[in-house]
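Coming up is one lone chain in structure tokens, specifically the form predicted alone.
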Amino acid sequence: MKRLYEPDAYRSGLLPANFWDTTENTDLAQITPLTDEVTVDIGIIGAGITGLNAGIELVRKGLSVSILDASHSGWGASGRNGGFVCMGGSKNSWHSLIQKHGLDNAKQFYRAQIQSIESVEENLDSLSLKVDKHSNGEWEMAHDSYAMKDLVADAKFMQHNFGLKSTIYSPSALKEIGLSSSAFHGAVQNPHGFAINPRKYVNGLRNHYLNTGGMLFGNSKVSTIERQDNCYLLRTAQGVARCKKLIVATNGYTADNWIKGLSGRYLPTVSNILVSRRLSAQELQQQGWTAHEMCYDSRRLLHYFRLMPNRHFLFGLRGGTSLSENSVKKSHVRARHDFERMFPAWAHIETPWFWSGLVCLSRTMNMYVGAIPDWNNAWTGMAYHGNGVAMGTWTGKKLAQLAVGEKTKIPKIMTTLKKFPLHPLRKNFIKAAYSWYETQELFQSIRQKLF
């Protein structure tokens, strides 16, 4: 299989430095590989948030389902993310979405994002999942005064066009509620969203899926997909799954030459997370950060962070186009540097956990939900642009509806999956973009100091 990243990025098994795996047991000895031939109505590749939600819906509708995963449920982005259940699915601004697609289509996309958050909440309630839920919406923190002006303008724009009522906070107001850092020049709170432990969420979905009759095979990497007698044959090292219909839910971990209709149409990029040891009440007070809100800053290469209910602090950052050992070490150094700069009272605090994973972008910078190009009875959902907890949940349910022929509304903005130009070289686009973003940030920093 042709991969865009180094072999370490796709190695199966637990990540030793992934904090989430210390909070919930994942017994690899209990994973059952596919060693025979099974025949089902629908086959799903990928046992993450998207695949499991699709499987749950299909089993509920009375179909036989088999999910195959190269490792174990939640091994990829679903078990490595920051646990932000929030609006997302695009890297385009709402201004540009309206300009390109029109206000009505933008409103459909907006409603889908709200519904995606509600979809997670419905799962938590209906399946009685305990996932350490916390945070009152999401908070975008202005990294300089110019960014704060933009956030205020954007908040007014969103209320006028979408009815989104945000709350604006000055630095002093942030300090009063326990979100104090000299790195921020104010914030805007979006009331929609909350934070969770993604490992507990994935394990809860998996357990419900299995308990209701779904089949799940781990350590079962699908090496080839063949079409035979109006069926798909999903071949692994030891077995075959025969299915009438197919859902591919591998997102940024998809092999590039594996499915022709997806090749060159997605771009994985790196996200990194570190987690601190448990902080004392005194240490929280010293920094002035005591609130359990999920936050991100206004940079293009953003940071995302939150104090969790167990008093561990999570700090993530975008950036990186390699997952080689040396590149991961450099990302770790950068993450630690930024953590100390933004939260200087915690410069002495140990951060024992650090891991990396792949998020997925598309050429249009919008997510995709729909048919796999040039294939019959095959669908995929991908390119969540770093917001896959909510949108993956919503997408899994939509893919199930598409697979059984139900009428369902997919916003037009989500229905295009174009190839990248010169797609074998597309990782270079990210490198160039990151360099440009860093140059812009340096210029803005200089302007802030001078003016």
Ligand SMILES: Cc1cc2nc3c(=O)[nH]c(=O)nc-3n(C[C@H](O)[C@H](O)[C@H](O)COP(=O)(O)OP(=O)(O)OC[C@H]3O[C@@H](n4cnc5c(N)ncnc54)[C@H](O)[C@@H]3O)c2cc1C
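Worth saying up front: this structure is predicted, and the values here are computed from it rather than measured. So that there is no doubt, residue numbering starts at 1 and follows the sequence shown.
Here the subject shifts to the form predicted together with the ligand, a form of this protein not shown in this document.
- The stretch among 418 to 426, 55 to 63, 379 to 387, 402 to 410 whose residues place heavy atoms within 4.5 Å of the ligand in the model of the complex is 379 to 387.
- Residue-level contacts in the model of the complex: of Tyr368, Tyr304, Tyr209, Phe184, one residue has a heavy atom within 4.5 Å of the ligand, and it is Tyr304.
- Screening Val275, Leu97, Val359, Leu233 for any heavy atom within 4.5 Å of the ligand in the model of the complex leaves a single hit, Val359.
- Of the heavy atoms in Ser90, none are within 4.5 Å of the ligand in the model of the complex.
- Proximity of Gly193 to the ligand in the model of the complex: non-hydrogen atoms within 4.5 Å are absent; the residue sits far from the partner.
- For the chain shown alone, Arg80 is a contact residue for the ligand in the model of the complex, at least one non-hydrogen atom being within 4.5 angstroms.
- Among heavy atoms of Gly76, some come within 4.5 Å of the ligand in the model of the complex.
- Contacts with the ligand in the model of the complex, taken as any heavy atom within 4.5 Å, map within 231 to 260 to Ala249, Thr250, Asn251, Tyr253, Trp258.
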